[in-house]
Every structure is written in structure tokens, then in C-alpha cells.
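For reference, the chain that follows is the form predicted on its own, supplied as C-alpha cells.
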């Protein structure tokens, strides 16, 4: 899921300082779980904006904020409220914000949140970054633990000289990714195979942005 945090309210107010009428758009998935764009947060934002002399013309929590066509259909019933707004505040991730930008080309759109990372929720509203979306997964070679993300240096050839007692030199609270990988491979009885494996240089061109993927396309193997 995409992890977000709410931006400073002063920064939000500064962005909309020239507008009085605002429409709020949230997301029922990631932003709701992060407590940055669910129904409760939209109500809180409405209260804060009203106290600042703003008028919220309407608000809606999209089912999936980054789904452009679905959000477009959902927002049809709010057309009057959106037209009455001077701008839109998107309480979603960067992708959800850009959905609103695409749907409302002639209306200013501002994000309420900072988008942090792709992560796993380990406990309620506690998130850990696990994937860097690098475009070339090596989890099948490293016991399902990603060194690109788990290692602060992104090292692909084993632990560096800063590893001490299984911890990273960056912080004693950060376990060394490669120690975790080693222990994982040992636990699942794949250590010897792992030790005999040399990872090839990573093709970072697959991480070139912006990336586009059409899942409908099928290509025959040569």
C-alpha cells in the first residue's frame, strides 16, 4: 500500500489562500488506512477549513483514488459541488492527487498529503517500507527479503564493513539486510544454494521514469 502523512496545515492553507470554496476528495484504500484521507479525516479537514473562513462545497471518499476511470464515474454525482468549488484538495497519495488533476484540467488541485513509500502495515497504522518498485525483482534469489530496500545502501553483494552484531551502521535499530537474508536462507535450508549464487549487475534502466505498463498487451516469445 502507499504510505502517506498529512502535510503541515499552514502549508495547505497557503496553497489555497486565494480560494474560498473547496471540494475535498479522499480515498477509501491506502489513505484511509493511513488516517490521511478517510471519511473521518475529511470531516476534520472541513471543520478546520470552516474555522479559517473557507466553504467546503462537498466532499467524497473515492473507492480507489488512483483508479482514474472509476473515480470519474463516482464523481459524476458530485458535479454541482465540484463546479461550485474554486479548487480541489486531494486527501490521497500523489497518484490519487494526479487522478484529480487529470479529471479536472481547468481546476486547481492541491495535495493534503506527502507520499512516503510503498509499505506493509504490520500493525494498525504502523507501516514498514518493503519494496522500492525497482522494476527488476530479486526476491526469488534473496529469500523474499529485498536488499534494495532493506539495506540503506541498496547493496546487492552482501553486507558492507559497517555491519556489526547483525545491525546496520546507519542505526542500531536497523538490522542488516544481508544478515536477515542469510538467516532466512539457512532457516529454509537453502543456504548452500544461496552461497553459490552470484547476483548479476542490476539493470537500473528498468527503473527509468515515468514507466507505463499495459497489462492487456501480450507478446510472443521469440
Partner chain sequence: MSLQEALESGKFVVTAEIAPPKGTNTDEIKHLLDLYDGRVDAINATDNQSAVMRMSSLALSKIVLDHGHEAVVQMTCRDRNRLALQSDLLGAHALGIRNVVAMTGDHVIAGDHKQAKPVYDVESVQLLQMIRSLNEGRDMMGTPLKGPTGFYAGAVVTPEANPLEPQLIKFAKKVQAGAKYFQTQAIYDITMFNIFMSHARKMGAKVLAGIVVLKNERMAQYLNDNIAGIRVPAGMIAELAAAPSKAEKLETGIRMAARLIRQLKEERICDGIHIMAIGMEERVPEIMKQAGLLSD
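Numbering follows the first chain given and starts at 1. Nothing here was measured: the structure is a model prediction, and the numbers come from that model.
The form predicted in complex with the partner chain is left out here; the points below concern that form.
- Message: At 4.5 Å between heavy atoms, only one of the stretches 84-92, 128-136, 71-79, 148-156 reaches the partner chain in the predicted bound form; which one is it?
- Response: That would be stretch 148-156.
**Contact label in the predicted bound form: residue 165 to the partner chain, heavy atom within 4.5 Å** = Output for residue 165 is yes: heavy atoms within 4.5 Å of the partner chain.
Consider residue 63 of the chain shown here, and say whether it contacts the partner chain in the predicted bound form, taking contact as heavy atoms within 4.5 Å. Contact check for residue 63: no, nothing within 4.5 Å of the partner chain in the predicted bound form.
For this session: Find out whether any non-hydrogen atom of residue 174 is located within 4.5 angstroms of the partner chain in the predicted bound form, and reply yes or no.
Result: Result no; residue 174 lies far from the partner chain in the predicted bound form.
Quick check on residue 186: any heavy atom within 4.5 Å of the partner chain in the predicted bound form? Yes, residue 186 sits close enough to the partner chain in the predicted bound form that at least one of its heavy atoms falls within 4.5 Å.
Listed residue (39, 35, 179, 48) with a non-hydrogen atom within 4.5 angstroms of the partner chain in the predicted bound form: Flagged contact: 179.
Do any residues of 182-217 have a non-hydrogen atom within 4.5 angstroms of the partner chain in the predicted bound form? If so, which ones, in sequence order?
Stretch hits, in order: 182, 186, 191, 194, 195, 197, 198, 199, 200, 201, 202, 204.
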